[in-house]
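Quick setup: one chain, the form predicted on its own, written in structure tokens, and binding and motion questions come after.
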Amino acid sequence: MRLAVLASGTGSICQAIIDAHVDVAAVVADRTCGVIDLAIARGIPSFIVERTDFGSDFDRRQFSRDIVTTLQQADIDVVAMAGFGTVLDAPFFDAFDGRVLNTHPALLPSFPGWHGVRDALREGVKITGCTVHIATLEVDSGPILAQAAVEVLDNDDEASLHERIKSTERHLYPATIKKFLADLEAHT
């Protein structure tokens, strides 16, 4: 099974996946960013499908088709979202139905969306964490594959809590990807 990582930032999650000896066949970003440099340094094919429009007329469906075309040209079977900044539309999820993994910095179904850490702090929960799930068209609502709890400390702010969640995520996500790929290969 050929895995691609979709990312938009520094690549810390992608780095954790690579460091866990998960074979990454391609890295795709929606902008020039650190994950592309990481891929190049590791000899992993990298692609930028640049998002240039951030306005209300952004064609999310066409952008999603462009991502699918790039992934299909790289012969990708499974996709791991790793901080990808653009929400994708139906053509992407249709092409990779049940084969898109995502990680989220909260214990879903609690605190979905872009501000899971901030929302957990605002609600005053004592435990939050991270979730690895199958990504679907509806954001942060797909089947849960794995979760890990992280205690919220009295002196936590959004940055400190998010860093502890990311530390946990850097172990949970690669392990879950490995298991998902092994299970998929066993059933094909």
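Everything numeric here is computed off the predicted structure, so don't read it as measured data. One-based numbering along the sequence shown.
Below, we refer to the form predicted together with a small molecule, which is not included among the displayed structures.
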| task | Would you check, heavy atoms only and a 4.5 Å threshold, whether Ala82 touches the small molecule in the predicted complex? | result | yes
| query | At the 4.5 Å heavy atom threshold, is His162 in contact with the small molecule in the predicted complex? | reply | yes
| task | Answer yes if any heavy atom of Leu172 is within 4.5 Å of a heavy atom of the small molecule in the predicted complex; otherwise answer no. | result | no
| said: Although the partner isn't part of this model, could you tell me whether Thr168 comes within 4.5 Å of the small molecule in the predicted complex, counting any heavy atom of the residue? | reply: no
